[in-house]
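Let's start with one chain on its own, the form predicted on its own, as structure tokens.
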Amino acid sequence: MRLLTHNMLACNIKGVTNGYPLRLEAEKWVEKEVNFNADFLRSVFPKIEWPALVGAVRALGCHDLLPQDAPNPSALDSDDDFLRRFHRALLQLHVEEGALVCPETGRRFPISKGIPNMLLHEDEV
């Protein structure tokens, strides 16, 4: 599961009002090479919840990869180093095994072979 995917997932259990961001508990993660596309990164940047992305990156132990605060979008045109670090965090870090945890209920959604299982139990819908 890429961190781009993590940034879009939320807990949809019936009655949950604070189901985002899901806490990432990674047991195994790998880095996979992905072609760099600066235009894609610039277009997706405004849609990213920055604190959730930084939290996920830090949960993987990559504390210095991204700054705590989101940079000014105008920096995306001039800061190639930042774009490459953003690319690495968003697209190249893959969680293979672990769990996503609902911040409100503590419900764990397992990640197995890189696929998060977000299916709800019958009593959760």
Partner chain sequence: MSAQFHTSQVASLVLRRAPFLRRRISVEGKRRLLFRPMAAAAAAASGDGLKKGIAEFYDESSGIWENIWGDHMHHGFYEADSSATVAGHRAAQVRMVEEALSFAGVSDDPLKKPMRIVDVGCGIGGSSRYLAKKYGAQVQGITLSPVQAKRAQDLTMAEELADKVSFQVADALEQPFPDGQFNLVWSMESGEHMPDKEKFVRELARVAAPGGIIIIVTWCHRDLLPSEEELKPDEIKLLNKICNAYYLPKWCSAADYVHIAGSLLLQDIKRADWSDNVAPFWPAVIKSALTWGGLTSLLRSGWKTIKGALVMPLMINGYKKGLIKFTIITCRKPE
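Positions refer to the first chain, counted from 1. The structure presented is a predicted model; accordingly, all values stated were derived computationally and were not measured.
What follows is about the form predicted together with its partner chain, which we do not show.
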Worksheet item: Going by a heavy atom distance of 4.5 Å, is residue 65 a contact of its partner chain in the model of the complex?
Response: no
Worksheet entry | Heavy atom of residue 91 within 4.5 Å of its partner chain in the model of the complex | yes
Discussion item. How about residue 44 - does it come within 4.5 Å of its partner chain in the model of the complex, if we only consider non-hydrogen atoms?
Written reply: yes
Discussion item. Quick check on residue 75: any heavy atom within 4.5 Å of its partner chain in the model of the complex?
Written reply: no
Worksheet entry | Any residue of 103 to 118 that, in the model of the complex, places a heavy atom within 4.5 Å of its partner chain | 113, 114, 115, 116, 117, 118
